[in-house]
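One chain comes next, on its own, written as structure tokens: the form predicted on its own.
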Amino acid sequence: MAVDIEQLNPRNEAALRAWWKVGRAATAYRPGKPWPLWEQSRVALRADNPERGVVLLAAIDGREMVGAGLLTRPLVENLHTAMAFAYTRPDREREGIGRRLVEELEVIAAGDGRTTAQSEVYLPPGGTAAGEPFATAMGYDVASRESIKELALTDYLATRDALSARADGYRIVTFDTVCPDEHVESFGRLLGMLMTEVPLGELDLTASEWTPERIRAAERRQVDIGRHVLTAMAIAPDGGVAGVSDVRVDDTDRAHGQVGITIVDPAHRGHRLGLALKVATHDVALASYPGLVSVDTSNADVNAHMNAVNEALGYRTIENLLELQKRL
């Protein structure tokens, strides 16, 4: 029987659940927490988001879903790009289902005026995976290389007292998701530096602008889906935000966290703010969620300073990430 590729309505809970199960099965071989819990996907994929458009595809064979596709498109900046992901149920691999999903995702992206498709492949440290030759066959080039790292909180607690996390001359402010009013404008200025200061390799991405209004709207979306962005800011003597880092924990999964962003203004580097901010966010995360088991993060291989900070905290590499790119 021929496999059909169909768009899926995320508000159809039965179909969304089947889609989620395919993705979970397709990523089950990976270490760490590679796939969100059902409740996380159920809430997040249905939520309205003016920052990001989402298209879900399903590969259907008879009455069974055997493949799942995901396309995300920025709606504010980088309007030339889209992120495409395809997942095939493990018992139906090597039947061309992944290829058909990717081709359809690219057609949708091109139809929306996107000229650059991006994706990801995850590899075991020092090894390879089937996704790598598949990506090459589909015309995707490696644009950046990163390491996926995981921190067991028991390891963090064992080394916490030995960490020198002073930020002389700077004040560390922490908050849950909603930035204090007096810092929101300066916070937006720092967020606007992300795409120019974080190593991106050959990824075709441009800088963004974060107004106070945009920040507040993003905070409301996080609150609405039950995601806590536990944030630490370094405040310079002049009152400006010199650096920021966060750990994100969902109400539906209080055992696992994820580092979102970490950035220090170039004018304020050399003061060990990266380490101080990371320690502050991890301390807040543990205080807020005593049952937290692990936190994961990713860093470009060329980002030697942040890799050293993460190693000092106790992070260990569990996967390698190839960030991919293709001109449509």
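Since the structure is predicted, the reported quantities are computational estimates derived from the model, not experimental observations. A residue's number is simply how far along the shown sequence it sits, counting from 1.
Keep in mind that the form predicted in complex with a small molecule is not shown, yet the notes after this line are about it.
Q: Of the options 121, 151, 167, 190, which one has a non-hydrogen atom that comes within 4.5 Å of the small molecule in the predicted complex?
A: That would be 121.
Q: Using a 4.5 Å heavy atom cut-off, which residue among 80, 183, 99, 216 comes into contact with the small molecule in the predicted complex?
A: Residue within 4.5 Å of the partner: 99.
Q: Quick one: find which of 207-215, 167-175, 243-251, 88-96 has residues within 4.5 Å of the small molecule in the predicted complex by heavy atom distance.
A: Result of the contact check: 88-96.
Q: Is residue 130 close to the small molecule in the predicted complex, meaning a heavy atom pair under 4.5 Å apart or at it?
A: It does: once the small molecule is placed as it appears in the predicted complex, residue 130 has a heavy atom within 4.5 Å of it.
Q: Can you work out whether residue 84 and the small molecule are in contact in the predicted complex, taking contact to mean some heavy atom pair no more than 4.5 Å apart?
A: Within the cut-off, so yes.
Q: Taking the shortest heavy atom distance, is residue 26 within 4.5 Å of the small molecule in the predicted complex?
A: Yes, residue 26 sits close enough to the small molecule in the predicted complex that at least one of its heavy atoms falls within 4.5 Å.
Q: Examine residue 137 and determine whether its closest non-hydrogen atom to the small molecule in the predicted complex is within 4.5 angstroms.
A: Yes, residue 137 lies within 4.5 Å of the small molecule in the predicted complex.
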